[in-house]
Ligand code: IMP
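A lone chain, given as structure tokens: the form predicted on its own.
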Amino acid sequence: MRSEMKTNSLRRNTVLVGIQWGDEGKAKIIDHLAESADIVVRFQGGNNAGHTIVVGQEKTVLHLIPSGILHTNTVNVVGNGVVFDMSVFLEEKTKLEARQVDVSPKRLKVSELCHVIFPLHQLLDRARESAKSKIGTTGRGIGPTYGDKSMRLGLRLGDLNRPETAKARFLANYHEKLLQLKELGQTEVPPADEMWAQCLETFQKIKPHLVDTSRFLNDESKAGKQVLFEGAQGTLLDIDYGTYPYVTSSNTSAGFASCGTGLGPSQLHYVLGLTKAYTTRVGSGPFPTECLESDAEVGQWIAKKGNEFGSTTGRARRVGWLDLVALRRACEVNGVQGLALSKLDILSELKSIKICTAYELDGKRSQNFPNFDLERVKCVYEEIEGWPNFHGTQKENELPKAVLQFIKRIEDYTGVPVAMISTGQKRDEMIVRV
């Protein structure tokens, strides 16, 4: 795949998106693709997503800084579609610097159009989650920041270069949020002047990294540089196409790679969709293939073996069988041209494995993913033979026959070829088929 991207201009710029409920292992795939990329750019979300990279015995967890930062050949960009917590960015940057990773403005750029996450947003996020029906947010202030963006109340990083004008807007928003917080029972709120002073002090450390990332990416792409777009969360959490209201606050699908970076849609050349060999979900919301009742024990076994705990919150993930109905829908929404498949090795040693191939709702069977009533569907499963352990293999001919049959079933159902197979957590435990 990497050699093809280098020689075929139609595959130069690649968008990697998760096509489940997130946590598919995007960081490892980005890390692998970054070997041949010039630029890696995050295009949505915030520090509510944790991307874990394992190199040798060292594990790196990133929340805002793009996952290509560990490759010295890449420039890493935080696009305008990301909501930005300045303190989290600086904390990650400091940790990377301590490991001698170059995070200078030459290698790490941030859009001046990113909307700023303030402590007010975090307080409001947590207060709403406590007072109302639980969506399962991380409490990082992501939703309220995107809300302010849509209501034209937010401040962008570049606005902080004009502190007097920006302060007036901040104070107006502060007093509005103060009323909302009091209604939700949150009375301990830092004073406005203290919050604003801290914001400006932190901003001075961020300022050298700010650029017009749209202009930068367009110039670099025209110069023939290869751009790799890194999504966060997953398609089933998309604010439009996910299981609303149990979704994230941004568009997680591939089309937003253009909106969230300022590089035009014609410059998105190849969409790679990432899925696990099973399904997980963090937080509340419908989950048709969740391993419950008779499957509860095997679900717990998969969760333990797959280390299914959130990188950001540490919360245990719910575990279920692979859902091909949802997967095909995600492939269509994103225009997926190739699939990357992760955690196949985790299912090793099971006697049999289930795959959901249809839903039943009100007595009718369908292979279409519904926009409503997902919590009421019953899954129709195919049961296939399990396979022996093959952890870490780098050769397709070393994969068990049952694994190849499993892969072919995914390809036949979705109509999309499996281009990459991750066989373990480490960087080199990968099979590239294209």
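Residues carry their position along the shown sequence, with the first being 1. Treat the numbers as computed from the prediction; the structure is a model and nothing was measured.
One more form of this protein, predicted in complex with this ligand, exists but is not displayed; see below.
Peer 1: Thinking of this ligand in the predicted complex, which stretch from 255-263, 356-364, 154-162, 233-241 has heavy atoms inside 4.5 Å of it?
Peer 2: Among the candidates, contact is made by 233-241.
Peer 1: Quick one: of 248, 334, 226, 80, which gets a non-hydrogen atom within 4.5 angstroms of this ligand in the predicted complex?
Peer 2: Partner contact (heavy atom, 4.5 Å) among the options: 248.
Peer 1: With this ligand left out of view, which of 95, 205, 315, 169 would have a heavy atom within 4.5 Å of it in the predicted complex?
Peer 2: When this ligand is considered in the predicted complex, the option within 4.5 Å is 315.
Peer 1: Contact with this ligand in the predicted complex for residue 139, defined as at least one heavy atom pair within 4.5 Å: yes or no?
Peer 2: Yes, residue 139 is a contact residue.
Peer 1: In the predicted complex, does residue 400 come within 4.5 Å of this ligand, counting heavy atoms only?
Peer 2: No, no contact at 4.5 Å.
Peer 1: Taking any heavy atom pair closer than or equal to 4.5 Å as contact, tell me whether residue 48 reaches this ligand in the predicted complex.
Peer 2: So residue 48 counts as contacting this ligand.
Peer 1: Taking this ligand as it sits in the predicted complex, is residue 113 in contact with it (heavy atom to heavy atom, 4.5 Å or less)?
Peer 2: Residue 113: no, not in contact with this ligand in the predicted complex.
Peer 1: Does anything in 13-38 come within 4.5 Å of this ligand in the predicted complex by heavy atoms, and if so which residues, in order?
Peer 2: Residues within 4.5 Å: 21, 22, 23.
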